[in-house]
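Form predicted on its own, single chain, as structure tokens, below.
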């Protein structure tokens, strides 16, 4: 597949690396020469310096033979132009546009309905809000993603010394949960990721991802030494698009929300938009401001300012002052590996969320959902097994799946199964596959019908 990416920022460069790693022909267009020099040093893709909203530059990138066009600049307007030119003028089959403004999203959908074809608008802010809300429903989780239409939940937890999972062999997990789907799908230990097998053991300080029935969440939390509280009090740092939208969504759930921001104008704007949220003009990294607003009685502290380093500092301070759980909006990949080591419960990365949504769309037809776990070292795929795919030819133990690939669960009609090596996948089954990122491309031969 030939892919053109316009915009070499965090999302664009991450997509370029992913698609190139999947052996696609990738051209990255960016008007910042200094950024292009930096990207050339770490990406194995063709780069073009120029304004990707113009026809001559897009022609130079090869848009006339393009299969997938991704507009990922920091400007909604520029992304709209790229998407419109690619769709209407060059008839690119698949077009993705990163759009933050709801008005632009609506315009994009209207244009897509007129033009036809496969078009996707990705809103990283909305994706971040959805992820934060998911995390809030599972106290103590560092990551939560739903698959199989919400029937299966993949959630990551740090294992403490006093946890009921500490020292447990994975082969014994079935004894604790005999009647429901339950599987450990990934473990990070001492900074290294692994896709586990039955004889592996869970140890204290492991970051462990479980694939489980959402109805079993409370039982898992009990074994982890965690529990849900009956009521929640939330403090949000940052009257940003994400902060305000999160507050608005929480208001509908009748949650007590305090929103704090150091910018008076942002506070005034947020207060005008929100109804029951208490908006405070103050610094989220100021001890006195947090104490005055009752940080010690806060269940969830969410730092989502536009300064991601400030988000980390604010979370550390909030934890020290008594906040039960804290989440930081951080797009620095290096910081994702510090979860559990610096006192932050979860990191939300709009970059990774956007990349996952775009990859899901790029692989449309075989892959129905994609999630990258934390620092992007492990990927989770939900895929449909086609009639002619290698997945349906033999029992799992004889498929020859690459090492580091796990078939975690199968949805067959209304049933969700945790398969054994002797089980077969049927055509039409939905399959949950776990793999290290470096092995992801090797799954293509098994998914192609």
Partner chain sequence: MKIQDLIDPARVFLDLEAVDVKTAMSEFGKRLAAGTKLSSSEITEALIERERLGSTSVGDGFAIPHCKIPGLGSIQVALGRFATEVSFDNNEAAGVRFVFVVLSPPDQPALHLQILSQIARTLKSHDVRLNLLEAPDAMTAVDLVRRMADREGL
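Positions refer to the first chain, counted from 1. Quick caveat, the model's predicted, so the values are computed rather than measured.
The protein also exists as the form predicted together with the partner chain; that form is not presented, and the subsequent description refers to it.
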field: Candidate site 175, 201 and 219: all three near the partner chain in the model of the complex by heavy atom within 4.5 Å
entry: yes
message: Just to be sure I understand the contacts: of 356, 277, 163, 262, which is the one whose heavy atoms reach within 4.5 angstroms of the partner chain in the model of the complex?
response: 163
statement: Note: exactly one of 272, 215, 88, 179 sits with a heavy atom within 4.5 Å of the partner chain in the model of the complex, namely 179
message: residue 167 versus the partner chain, in the model of the complex: is there a non-hydrogen atom within 4.5 Å?
response: yes
- prompt: residue 223 near the partner chain in the model of the complex, any heavy atom under 4.5 Å?
  reply: yes
field: Location of the partner chain contact in the model of the complex, chosen stretch of 343-351, 79-87, 247-255, 167-175 [non-hydrogen atom, 4.5 Å]
entry: 167-175
